[in-house]
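Next up is one chain by itself, shown in structure tokens, the form predicted on its own.
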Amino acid sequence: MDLPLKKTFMPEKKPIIIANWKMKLGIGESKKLALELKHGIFGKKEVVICPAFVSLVEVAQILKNNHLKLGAQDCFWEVEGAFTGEVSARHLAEIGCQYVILGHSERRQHLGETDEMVHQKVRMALSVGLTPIICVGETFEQRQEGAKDYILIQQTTKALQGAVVKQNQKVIIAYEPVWVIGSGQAVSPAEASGAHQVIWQTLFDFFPSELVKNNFSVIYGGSVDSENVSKFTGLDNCAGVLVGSASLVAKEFIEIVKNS
């Protein structure tokens, strides 16, 4: 069944532009870039900066009382305890984080993160008031096997099944086809739109329609840059983008925000 798209069934929302700095910048580099973005980005868009853990406190101070929002790249599924090396979602909220990226393909691939682990993290993030940015996407092999839709349904379902989303909370699903991340070659807007349609249908299967319309967003990630961003944000069923490498250069990321 085809779903009605954003312009006909969703309230108008600010475009969401999320910068994932990954493990690319040190504290000094992060502060410098945060300052450049703070003074270079304006307008009615939801811009989220996600530095590495070691830079969060410094960047939080720079973005304090600013229109740019702060996000983390991960959190643990317990609020506190003897979990050496992990980071509490509650502690992230305490320093000013409003968002957290969960289930990124790099964590699934390199750290063995499972759908169940992502699910537990989503529930924890929601419980402390963080907005989860849940990454879903197929590998090249899964795409070749024709399993893309199945993977998207499975990852979305397992991340959210049983989770409680309150009326004042937001959830973002980021479609990131694993095989294009870091390649410099994004998927076609038509393919992204098809994937988003599958994700939207899955959300409607599990949550009340009004909650989905008002509280959920679906965005695209994977080799986004200032040249192609408008092709994705212009889609009826795409609310924004998750940007990796292109968010590390101030001028380029500012252009991405302007063009989105």
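Everything numeric here is computed off the predicted structure, so don't read it as measured data. Residue numbers run from 1 along the displayed sequence.
Beyond what is shown, the protein has a form predicted in complex with 2-phosphoglycolic acid (PGA); the following relates to that form.
The shortest heavy atom separation between residue 223 and 2-phosphoglycolic acid (PGA) in the predicted complex is within 4.5 Å. Contact check for residue 245: a heavy atom falls within 4.5 Å of 2-phosphoglycolic acid (PGA) in the predicted complex. Although the partner is absent here, residue 182 lies within 4.5 Å of 2-phosphoglycolic acid (PGA) in the predicted complex, judged by heavy atoms. Residue contact check for residue 119: none of its heavy atoms lie within 4.5 Å of 2-phosphoglycolic acid (PGA) in the predicted complex. With the partner omitted from this view, the residue of 149, 115, 106, 74 that lies near 2-phosphoglycolic acid (PGA) in the predicted complex is 106 [heavy atom within 4.5 Å]. Stretch 223-231 is the answer when you ask which of 187-195, 203-211, 223-231, 40-48 has residues with heavy atoms within 4.5 Å of 2-phosphoglycolic acid (PGA) in the predicted complex.
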